[in-house]
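In the block that follows, a single chain appears as structure tokens, in the form predicted alone.
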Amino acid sequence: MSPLVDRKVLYCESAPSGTIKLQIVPEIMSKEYQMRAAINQKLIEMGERERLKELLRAKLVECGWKDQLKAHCKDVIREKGLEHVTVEDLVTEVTPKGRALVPDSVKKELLQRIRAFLVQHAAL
């Protein structure tokens, strides 16, 4: 391994839940994280991130994802009992299924929109 790969960098990311994730990653990987951060910043600055979020919300409602996930949440609460389920437990239990239920067509459309945005604003 080259010395560049052996070096480690501390990477910090804010999760949607408000928590902060800290990771130690090889320096060479930090380039990918830097690129993701730059893209995310550009999406935010240009207002595209909010437009993508609105599109995603609409598509998920349209395909029935929201109703499926709501039903799954009710099932989990029924199984464990309302007194024994915290919001954190529910999120942990439901998140994997929620991600798996997002239709490939929705993922592809969002990815296509992000790529088009990047092509249009190539000077990151």
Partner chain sequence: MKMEERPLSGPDNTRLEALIQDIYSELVEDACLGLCFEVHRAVKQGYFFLDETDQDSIKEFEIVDQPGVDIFGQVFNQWKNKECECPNCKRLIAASRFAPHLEKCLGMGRNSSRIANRRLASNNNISKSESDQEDNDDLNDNDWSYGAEKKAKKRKSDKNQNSPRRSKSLKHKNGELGTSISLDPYKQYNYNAGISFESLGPNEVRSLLTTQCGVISEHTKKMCTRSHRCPQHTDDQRRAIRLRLLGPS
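All values derive from a computational prediction rather than experimental measurement. Numbering follows the first chain given and starts at 1.
Just so you know, the form predicted together with its partner chain exists too; it's not on screen, but the next bit is about it.
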query: Non-hydrogen atom contact Gln41 with its partner chain in the predicted bound form at 4.5 angstroms; finding: no
query: Partner contact for Cys63 in the predicted bound form: its partner chain, 4.5 angstroms, heavy atom; finding: no
query: Any non-hydrogen atom of Lys80 within 4.5 angstroms of its partner chain in the predicted bound form; finding: no
query: Proximity of Met35 to its partner chain in the predicted bound form, heavy atoms at 4.5 Å; finding: yes
query: Partner contacts in the predicted bound form for 49 to 74 (non-hydrogen atom within 4.5 angstroms of its partner chain); finding: Arg49, Leu52, Lys53, Leu56, Arg57, Leu60, Trp65, Lys66, Leu69, Lys70, Cys73, Lys74
